[in-house]
Structures are given as C-alpha cells and as structure tokens.
Ligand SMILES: Nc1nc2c(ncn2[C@@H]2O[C@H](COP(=O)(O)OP(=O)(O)OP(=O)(O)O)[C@@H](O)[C@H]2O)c(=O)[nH]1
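Let's start with one chain on its own, the form predicted alone, as structure tokens.
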Amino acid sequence: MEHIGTFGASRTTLRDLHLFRDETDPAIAAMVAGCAVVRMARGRSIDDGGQARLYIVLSGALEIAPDAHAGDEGNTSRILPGESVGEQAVLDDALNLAAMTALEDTELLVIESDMVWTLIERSGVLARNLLRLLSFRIRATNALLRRRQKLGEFYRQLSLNDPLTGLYNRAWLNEMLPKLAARAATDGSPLSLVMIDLDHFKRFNDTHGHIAGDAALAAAASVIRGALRPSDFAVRYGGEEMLAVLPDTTPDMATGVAERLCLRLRLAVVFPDMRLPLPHLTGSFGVASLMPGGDERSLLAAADAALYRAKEAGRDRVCA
C-alpha cells in the first residue's frame, strides 16, 4: 500500500463515510482528518502487519474473501466507497483474517485501533452507526447460517434416500434401526421387520433388460410404500432386497402386513403400456420381531433367516 496523505487533504468528506453519517462534531472531524489515506493497486491485497485496523473505502472497491481460518466457505463480498471493513478485528483486538483485495485502483482511509476506540468514546453517533452496522451483519450472517442449515438438511435427506426407488437406503437403516430397537426395548413395545427379496430378479433383468429391471424395482418399492402406515418405514436394503420396518407391530400383525405385500406385489404393473408383454413380479418375505434382550443385529439376522426359509420353500410366500 502506498501512503498518499491524510483524510483532511482528500476530496471525501466525513458525511460520505457510513460510520460517520450524521456526525457534526468538528472535534471528531479534526481527529479523522489526521488519519492516513493509502492507495492500493488493482489486484493487491491488504497487508496490515498483524495490527487490527479499520479500513474505509474512499474510492474503488475491495473484495473480501471468506475467512478460511474460521471455516467460512461463504461467498465473497464487496466493500464500496463509504463502506468499511475491520470493525470486528478492532473490537476483538484480533487480526483481520479475511483476505482483502482491491478490485480496482482503490484509496482507503486507515484508522488505527487506538484511534477507533477514542472516536467511539467521544462520538455517540459513531457508536450508534457501528452498532447498527454490526447488527445488520449479524442478521445477515444468521440468515446465511439458516440457509446453510436448510441446505445441509436437504443434502442429508438426499444421502439417506435411494435415488431409484425413493425408499430409505442402507445408510438410513444403519443410523435409525439401532435407535428404533433401543426405544422398543426401553418402552417394551414390539418392533418387527419384513425382509423382501424379488424372486429370480437376475432372470428378470436378463430377459427384459436393466431399464425394465429398474422399472420393476420402482414398481415394487411403490407397492411396499403404499401398503405401509405413515409410522412405518420402507428401505432398499440392497440390490433387489427391501425392508419394511414396522414399529409397534406384533409378530402376527407383521405377518399380516407381509401377506398383504406378497399379494399386492403379484398384481404390480411394471409396464403401464399394455402393448408390451406384462412381466409379473413375485417376492419372498421373511418376518421377524425383536426378542427380549435382542438388538438390531439379531432382528436383521432373524428376518434374513426367515427370508431364506421362504426362498427354500419355493418363493412367492411369507415365512416367519
């Protein structure tokens, strides 16, 4: 930065500076008049030498990059004539960690930290303007944090859903089933699973193609999702295997759910275009319920064993 004089010699007046707006005290104007003005060439960054300072743009513009040290990955911002940067650093007596770069040839008023505090103590107008500015920045930061939180939750939900079927995925199951099992054990309430495997799905894919196979998976998922209560959960366990997680459901009730799913799956329409051959889907269903002293691993193992029995018994059936 090139020192080119003081504020008193510049063409900018005190009322042009946002922080000093409405300030009419000649003593304040005299104090600011002695502060340095520097020039920055386009593309140059501020080097404050490890000192907290207040910078006010007189002409040109600064680009403020996100503070990587604070984990800030937000967008860059621009500081235009009359606007300031560095207030937080002065108040905290800390370094300006954000990178400040001139977007064009820029002139800056530089007010040292001690002078800023002296001005704040003497000028109620400056103190109010500074408080208003910081309040605005806090609101803007909070709004950005809320948007990021919503966006983060949106992407988190995406990460827990299978994109093809719309069902929850294995990551969701790994996170939620232990919680559901622990709650059921604590409350003494029943928790049941129905494990579903589409019969001869490899043959289906080989015969009708993978696009039809995807359509069949989506159709099966729709059947399962549509037959469950709002309190139940449908999961794509992997490949052609799916799960129905049934809280507050006894073994007999879970078997009834599985029988209903088995019947509806036989009736599922894979190709809405009836001019095409209509392949039919069937599935094997294994039902299990949480036993006293059991956990999510034993529950999954029991459902898997029941599914194996259904497949061994000829498929297209329910076993518990």
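In this text the structure is predicted, and so the values were computed from the model without any measurement. Position 1 is the first residue in the sequence shown; the rest follow in order.
Just so it is clear, the following notes concern the form predicted in complex with the ligand, a form of the same protein that is not shown.
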Quiz item: With a 4.5 Å heavy atom cut-off, would you call residue 145 a contact of the ligand in the model of the complex?
Solution: no
Tell me, yes or no, whether residue 164 is in contact with the ligand in the model of the complex, where a contact means a heavy atom of each within 4.5 Å. yes
Should residue 175 be classed as touching the ligand in the model of the complex when contacts are defined as heavy atoms within 4.5 Å? no
Open item on the list: Even though the partner isn't displayed, in the model of the complex is residue 199 close enough to the ligand, meaning a heavy atom within 4.5 Å?
Closed with: yes
Of 185 to 193, 239 to 247, 126 to 134, 103 to 111, the segment with heavy atoms within 4.5 Å of the ligand in the model of the complex is residues 239 to 247
The listed residue (169, 205, 118, 222) that reaches within 4.5 Å of the ligand in the model of the complex by any heavy atom is 205
Exactly one of 90, 234, 79, 217 comes within 4.5 Å of the ligand in the model of the complex through a heavy atom, and that residue is 217
Looking in the model of the complex, the residues of 298 to 320 with a heavy atom no more than 4.5 Å from the ligand, listed in order, are 311, 315
